[in-house]
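First, one chain by itself in structure tokens, the form predicted alone.
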Amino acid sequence: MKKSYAIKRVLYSVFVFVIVMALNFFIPRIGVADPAERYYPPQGNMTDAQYEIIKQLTREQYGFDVSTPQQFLNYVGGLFQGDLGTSFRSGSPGVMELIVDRLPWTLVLSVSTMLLGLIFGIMIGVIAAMKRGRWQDTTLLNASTIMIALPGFFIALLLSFFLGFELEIFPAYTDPNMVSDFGWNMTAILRVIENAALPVLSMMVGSIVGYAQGTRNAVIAVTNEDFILTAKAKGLRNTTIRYKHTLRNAMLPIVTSIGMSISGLIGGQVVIEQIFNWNGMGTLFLEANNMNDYPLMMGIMLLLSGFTILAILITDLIYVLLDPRVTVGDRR
């Protein structure tokens, strides 16, 4: 890997993150004179002077008692210390604390979906490419068309109705006590697997089809290359040609797909989480939006943006390892 390429990508990623951080801070404040206004208590029997004191204390608690530029500097300083601010929720919990509580549960769904989708998707994609024009390939193409037409939440509703309510194979809704009662024992782990089955299945269907379609197209693109024809002429086994030569050289677009999937790992599937009452990051963001909880929304968006930028950076670096011809403004 060229050092100049890696340095440029890292610097570019840092630049993008700084821009995102600034937008993340200033956009929620557009047209809002006092973000803490809706959290002032009712005036009741308080005098105007007492009420002004309460309002000032509220502003100080959330850091709104200084100018906007100074708030931004305080915000940046807090980020360097790992502080994402204080939520407007009752009890004033830290934003990082709320995110840390929900993040593992989102990862349970997203990581499971990505790994299962990747494994089965690549297998199916390779088979469809090798059986091009036959029923295996036709089935995949038809499934891809159907998945484009069907929204993910519709599949989730179907699975919830048939496998959850009708057949009662899996829970249609997440057990509300699953999180609070969780412990690192086999009973608790099996309980999580049982409750995660339908959400994962709902997302995995589209993931498998997407990876399979991408793998199929990539494999077909290299099937007629000279090195593949040479391998066939040498009499190598089809399995060796398929996985050692063809798939290995078709990895570039697959790596790109994986990178994009990784970038969305912690974002969660908002609609899926809502359908199955799964308390993940998607649900947390909706709660923050409904409550106008600016610090929590800002913390979630910054985390998602940062993770996405990091995933794209890692993908680019892996990409150039697989194909040294990739450059960014460098002369070959």
Partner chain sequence: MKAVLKSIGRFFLKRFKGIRRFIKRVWAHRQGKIGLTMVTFLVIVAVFAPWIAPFDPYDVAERTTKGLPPSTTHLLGTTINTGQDIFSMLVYGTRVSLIVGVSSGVLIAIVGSVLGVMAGYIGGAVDSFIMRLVDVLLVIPTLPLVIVLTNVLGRDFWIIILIFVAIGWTGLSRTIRSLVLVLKNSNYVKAAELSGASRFHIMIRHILPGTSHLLIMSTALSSAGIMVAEAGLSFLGLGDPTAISWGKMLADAQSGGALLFGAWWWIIAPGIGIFMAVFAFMRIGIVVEEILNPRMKQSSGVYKIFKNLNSSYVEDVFNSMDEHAQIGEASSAKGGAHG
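Computed from a predicted model, the values in this text were never measured in an experiment. Positions refer to the first chain, counted from 1.
If you look for the form predicted together with the partner chain, you will not find it shown, but the lines that follow are about it.
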_One residue of 119, 193, 148, 169 in contact with the partner chain, assessed in the predicted bound form (non-hydrogen atom, 4.5 angstroms)_ = 148
_Heavy atom contact within 4.5 Å of the partner chain in the predicted bound form, the stretch among 97-105, 81-89, 161-169, 181-189_ = 161-169
*Does the partner chain come within 4.5 Å of any heavy atom of residue 153 in the predicted bound form?*
yes
_is_contact(residue 284, the partner chain) in the predicted bound form, heavy atom dist at most 4.5 Å_ = no
*For residue 27, is any heavy atom within 4.5 Å of the partner chain in the predicted bound form, or not?*
yes
*Do residue 10 and the partner chain share at least one heavy atom pair within 4.5 Å in the predicted bound form?*
no
*Decide if the three candidate residues 75, 111 and 124 all line the partner chain in the predicted bound form, where lining means a heavy atom within 4.5 Å.*
no
_Residues within 4.5 Å of the partner chain in the predicted bound form, restricted to 219-238 and counted by heavy atom_ = 220, 221, 224
